[in-house]
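One chain comes next, on its own, written as structure tokens: the form predicted alone.
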């Protein structure tokens, strides 16, 4: 792991889980697998604190445990999973666009809690939705359950590994968890009846002891365990990444060709989304007849026009769509790896253009197309004067966007008898850019935290005033009294608050934009790694 990634992991853990979890998590990321005894010694924390921190990391899938041959239990951080915390807003927003507010809140609860049973998630979300509804209206558990089932059907949520029902042999120092792949997306049959509840008002609690205490005192607090006790669910991040990749491919096709072409590609991706593995280079082959039947109702195009579009897509130089056979009117696949390579290359081109200017981008595109060129050839093909072309090539070479390959004519590697060819190593450039993106996100987070810390007193004052206003409005205070409370924050302070809010929103938006670039580059790098 690079220092930039370790720093970003540390910042994310501190922001979301606090200082103690951050110290344990960062040590695991930096040092690799460690036993409990070493963690206590190296962090300087008490045994109880380290145990609680590990519980948090395991609950949120940010760490794993293993049984080494020499005995004992070792804990290891999942650094890639820690970096995914940065993408939580995108997962939640994607769930909202696909399944509305209910889907959004279900995914949010699962991400906030790491793992949850279906019944607990449904009840929590129903209560939260009831809170936002008008008085007298409530959210039915059945409606939330149906959305949960839809999330499981599209593999956006999945079951967590469980303890085996019949343990084999004597119990070891750590449990062995198993996961039946057939059951991974099977939702248990639950008889969830009821509606979401609002929080009780203060008046109810003033009548006497809170209800929970009364139940405890009377011995009525022991409810029977839910039907799905022990079956925990988590968010399937790989499936969300598949969705983001498909969205990026559809958007690229729409920009290159037109909306109808993008809708055809979207239909092909939707038809094979559950049957295609996340790391597969191609989607499952689909016949043009199947594609025609699955097109959205609004697209009234004939079969002949669809075949013309498919032929155009298959003949396109980018090769997003490939033809794999002639049966059923022609068999077509979406070439996922080539699409990711095109997206990564386009990202590199735009960064070179922003960083070095349009003439450097022209040289960069030329090298991508021609693969290897000498300096003289670059000058001639790009139609740029020799001095300027040399400066531009050296600038890109110093920043690692361009590589130099030596091809000697003789074994002594004498410079006068050696060809010097410029080339673009796309995977290496993508890795270098990914490292810079991690550094950028860490800098943005530190700046946001600094801005908030600098204005901490003002933010606390603003929150106090808002709380007073809310309580006075609830009790029916007069407009003059409310105005008097609002004037507790002076005009310069209000201006300062607005400026802070604007800056923090900009930094938040920048973090999300950099994460989009990180996603494209990471997806491309993963697609270049050969699976054993």
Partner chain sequence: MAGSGRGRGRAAFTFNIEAIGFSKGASLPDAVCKPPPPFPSTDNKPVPLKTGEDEDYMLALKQDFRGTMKKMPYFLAVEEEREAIERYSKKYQSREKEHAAWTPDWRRLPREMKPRKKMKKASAKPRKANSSDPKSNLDVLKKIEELEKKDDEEEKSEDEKDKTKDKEGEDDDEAEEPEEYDEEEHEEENDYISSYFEDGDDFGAGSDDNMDEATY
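Values in this document were obtained by computation on a predicted structure and should not be read as measured data. Numbering follows the first chain given and starts at 1.
In what follows, reference is made to the form predicted together with the partner chain, a form of this protein that is not presented.
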Non-hydrogen atoms within 4.5 angstroms of the partner chain in the predicted bound form: do 177, 229 and 504 all have one?
yes
Considering the partner chain in the predicted bound form, find the one stretch among 365-373, 291-299, 311-319, 352-360 with heavy atoms no farther than 4.5 Å from it.
352-360
My question is simply whether residue 401 lines the interface with the partner chain in the predicted bound form - judged by any non-hydrogen atom within 4.5 Å.
no
Can you check whether residue 104 is within 4.5 Å of the partner chain in the predicted bound form, heavy atom basis?
yes
Should residue 29 be counted as a contact of the partner chain in the predicted bound form, where contact means heavy atoms within 4.5 Å?
no
Hey, in the predicted bound form, is residue 415 touching the partner chain, heavy atoms inside 4.5 Å?
yes
Considering 279, 325, 427, 161, which brings a non-hydrogen atom within 4.5 Å of the partner chain in the predicted bound form?
161
Pick from 439, 266, 448, 123: which has a non-hydrogen atom within 4.5 Å of the partner chain in the predicted bound form?
448
Counting only non-hydrogen atoms and a 4.5 Å cut-off, give the residues of 13-30 close to the partner chain in the predicted bound form.
14, 15, 16, 17, 18, 19, 20, 21
